[in-house]
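Okay, here we've got a single chain as structure tokens, the form predicted alone, with questions on binding and movement later.
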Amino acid sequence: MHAPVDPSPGGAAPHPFAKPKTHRETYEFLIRQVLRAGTYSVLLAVGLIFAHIIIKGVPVVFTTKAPFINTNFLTKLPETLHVIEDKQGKIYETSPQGSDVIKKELGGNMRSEKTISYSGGGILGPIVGTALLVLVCMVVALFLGIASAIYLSEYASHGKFIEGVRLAILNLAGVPSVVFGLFGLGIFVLSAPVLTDTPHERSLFSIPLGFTYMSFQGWDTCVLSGAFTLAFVILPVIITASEECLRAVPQGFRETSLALGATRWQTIWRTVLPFAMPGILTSSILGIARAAGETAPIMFTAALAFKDKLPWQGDSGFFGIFTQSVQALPYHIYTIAARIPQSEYSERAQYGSVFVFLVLVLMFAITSVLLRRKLRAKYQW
């Protein structure tokens, strides 16, 4: 007697209760596959971008010899790169000071020389300038953002006006950064108040204070102008995220604190804010990392393409550090990539700068994650 033949492919018996797929199930399956493909496409594109930057940037920052880091790239100021070729085809890469020595040694054996702006030296100046901008931006943005979120969440009464304020804050998050740059140029660079004995002729108006004048003449292009502009770029994100974190704290915490005799501010400071702080810090640090990468706002308010001194190398004192223009990594990358002729030498400086900048942003992200874990472990509810 012969065994029954299995009609299903592969020898597997069909499920007795299986039913054919309906059109709706087929449609859902196709939609799920399209969404999956879109997600994986984004991940693939991001992975390829990061891989390209790492492949191009790592050889610039790291070396095969001890200490395995290109210290010159990280500790020198940017300068013009001189590339000299002799008649035997040997290439010499040197600084402006060293080019004269090499040309003198080669004499008539020199075949050609070309210069590539901003592609020699290192990126210490842009790193320092970015750090100063981010530091001041962090102080201003956190203070104004958290203060605004506390008022909107804990003090403001519900109504059309406050809803309009929230809508305006959300709309500000979609404003192009170049618009914020023009805002910073008009407000901070040209018309912010300063105390001076001799008001500038461009001053909008001056208020005599007896011993000096408050002149609305602006701060010029400097760290303060750029940092305040960057703070306003990320304020909508910080305010919105902080308000949501404050609202997430259970209302019972407030009621218990008030019932024990605490004031409204004591309740916010001692009870509400500590439990909301993990989310506030996470969103704020990620927002500040975004501000560190902005180019358009600092183009109008703070950044220079080239500067041969660090901010503290002068006679302006400590506070003078914040009242002068600086280099910044985003603007430095833009300058190398878009404003000078491309070559293998400029490409090397470009990808090295981008790699270092990505490492700095990654450090911001890691810091936010560690802070969130530490504070969540401390304040559990």
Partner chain sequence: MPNEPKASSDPGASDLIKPPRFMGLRIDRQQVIRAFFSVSAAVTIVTLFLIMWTLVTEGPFRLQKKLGFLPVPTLKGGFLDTYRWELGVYRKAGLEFCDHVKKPLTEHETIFSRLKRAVGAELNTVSKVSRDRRDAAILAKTHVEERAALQREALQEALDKTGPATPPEKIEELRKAVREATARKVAAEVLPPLFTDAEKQKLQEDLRGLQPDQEDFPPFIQELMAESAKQDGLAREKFAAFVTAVDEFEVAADPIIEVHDAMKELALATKELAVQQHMSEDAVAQLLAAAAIAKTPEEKAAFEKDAAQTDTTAIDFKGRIEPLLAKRADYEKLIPAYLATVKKVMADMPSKPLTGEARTLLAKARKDLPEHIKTVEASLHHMSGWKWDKPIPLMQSLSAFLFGGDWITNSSWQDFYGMVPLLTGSLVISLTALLIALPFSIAAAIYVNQFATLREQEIIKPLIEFIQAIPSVVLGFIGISVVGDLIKSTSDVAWLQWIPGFPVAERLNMFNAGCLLALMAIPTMFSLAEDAINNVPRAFSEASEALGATKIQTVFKVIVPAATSGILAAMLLGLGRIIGETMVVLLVAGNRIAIPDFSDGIGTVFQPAHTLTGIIAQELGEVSRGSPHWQALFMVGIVLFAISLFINWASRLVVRKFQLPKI
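Just so it is clear, the model here is predicted, and its values are computed rather than measured. Residue numbers count along the first chain shown, from 1. C-alpha atoms forming the largest set that superposes within 1.5 Å between two forms make up the rigid core.
Not on display, but discussed next: the form predicted in complex with the partner chain.
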Checklist entry - Want to guess which of 122-130, 164-172, 74-82, 98-106 is within 4.5 Å of the partner chain in the predicted bound form, heavy atoms only? => result 164-172
Next on the checklist: How about T240 - does it come within 4.5 Å of the partner chain in the predicted bound form, if we only consider non-hydrogen atoms?
Outcome noted: no
Next on the checklist: Can you tell me if R247 lies within 4.5 angstroms of the partner chain in the predicted bound form, counting non-hydrogen atoms only?
Outcome noted: no
Checklist entry - L370: heavy atom within 4.5 Å of the partner chain in the predicted bound form? => result no
Checklist entry - Should R24 be counted as a contact of the partner chain in the predicted bound form, where contact means heavy atoms within 4.5 Å? => result yes
Checklist outcome for this item: Picking from T115, Q266, T94, T196, the single residue whose non-hydrogen atoms come within 4.5 angstroms of the partner chain in the predicted bound form is Q266
Checklist entry - Does any residue in 271-296 get within 4.5 Å of the partner chain in the predicted bound form, counting heavy atoms only, and if so which ones? => result G293, T295, A296
Item to check | C-alpha of L360 off by 2 Å or more between this form and the one not shown on rigid core | outcome: no
Checklist entry - Would the C-alpha of K160 be classed as shifted by 2 Å or more between this form and the one not shown after rigid-core alignment? => result yes
